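Just one chain follows, in the form predicted on its own, and it is written as structure tokens.
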């Protein structure tokens, strides 16, 4: 199948259709509105369900209802809209039903702006709703990967009966890149045994997140934690490494920030600096174990994000203080440029003077001696 030039939002929408999405409920918000607009035409022409709800709160509760019937269902929104959906996310998690959520992140807090950001990291990975749960969170870094991970999201949601998020920043949602779409899947002929399809002579199914008794609710929570532990242990942790084998300094970044960081690595390698990149693809489960292993190779970590340093806490937890973890980020919808990251790396590797160097008269060593300097 040949590649075609596609916008990220449209590519995600068509990928969801081909993955077997049978129902879509949403509400327009920039920078993800093209996704909703595309689904408004594509779903009805295939005889599937599309409904523009009156609000994000309504949309996520429609998703909850459809998910309880066992269909493949999704919604999409952007940062403030995702905030409005959090109660519904918690209901879905507490009911063990599958659903796919696409978050095309924008600048915040508050209404913010419509520029790309990664400020939803904590909102999705830590607080996607009240209670003790995590959704699976997939973070593509290209239009092609957004297609592939959207298809994967439906499979994982169905496999584990859980929420799965596909999280991109507005740059990936709006950019156009050549990409290849998967073949169209056939819709299932039946529904899973747990779904609400009408009793029809059998014992009725009950789907609910309401457990008023403390003992009953604690038991449900223990079962949920067991499922989350199983997801973590079942090879659902995904990441990508770039030039990490001999890296003295390791950049850690996801999404668009990882693309910026990879360009910085290429430039710095040309200068003779041993820099690598580690890119988490699953933000939850987070690839902590591999990051811990990489502390035996790299002397320093630098986390690059389009926020105030949200993922940096997970990186530091994984590193266990074995090596220093630094942070460089831009906020409010500003995308860091490769030269900014390169400058920060040079400072950390003492290739250019820092303010501390000047104050303490510790002037930089030559680039080829940076490794030895860090080990002094």
Partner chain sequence: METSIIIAGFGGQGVLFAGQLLAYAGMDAGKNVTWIPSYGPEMRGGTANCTVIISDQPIGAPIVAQPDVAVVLNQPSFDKYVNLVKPGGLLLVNSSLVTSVCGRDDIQTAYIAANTLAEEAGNVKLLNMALLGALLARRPILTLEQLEQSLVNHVGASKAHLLELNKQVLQRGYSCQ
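Fair warning: this is a prediction, and the values are worked out from it, not measured in the lab. Residue numbers count along the first chain shown, from 1.
This next part talks about the form predicted in complex with its partner chain, which is not shown.
Novice: Just checking whether residue 31 would be counted as a contact of its partner chain in the predicted bound form - the rule being heavy atoms within 4.5 angstroms.
Specialist: Looking in the predicted bound form, residue contacts with its partner chain include residue 31, since a heavy atom lies within 4.5 Å.
Novice: Determine whether any heavy atom of residue 66 comes within 4.5 Å of a heavy atom of its partner chain in the predicted bound form, and answer yes or no.
Specialist: Taking the distances in the predicted bound form, the answer for residue 66 is no, it never comes within 4.5 Å of its partner chain.
Novice: So, residue 161 and its partner chain: in the predicted bound form, are they within 4.5 Å at any heavy atom pair?
Specialist: No, no contact at 4.5 Å.
Novice: Please check if residue 221 has a heavy atom lying within 4.5 Å of any heavy atom of its partner chain in the predicted bound form.
Specialist: Although its partner chain is absent here, residue 221 would stay clear of it in the predicted bound form, with no heavy atoms inside 4.5 Å.
Novice: Heavy atoms, 4.5 Å, its partner chain in the predicted bound form: which of 209-217, 232-240, 281-289, 253-261 makes the cut? Say which one.
Specialist: Every other range fails; the passing one is 253-261.
Novice: From the list 119, 276, 135, 170, which entry has a heavy atom within 4.5 Å of its partner chain in the predicted bound form?
Specialist: None of the other options qualify; the answer is 170.
Novice: Scan 271, 87, 148, 177 and let me know which has any heavy atom within 4.5 Å of its partner chain in the predicted bound form.
Specialist: Selected option: 177.
Novice: Listed by sequence position, which residues of 319-338 have a non-hydrogen atom within 4.5 angstroms of its partner chain in the predicted bound form?
Specialist: Contacts from 319-338: 335, 336, 337, 338.
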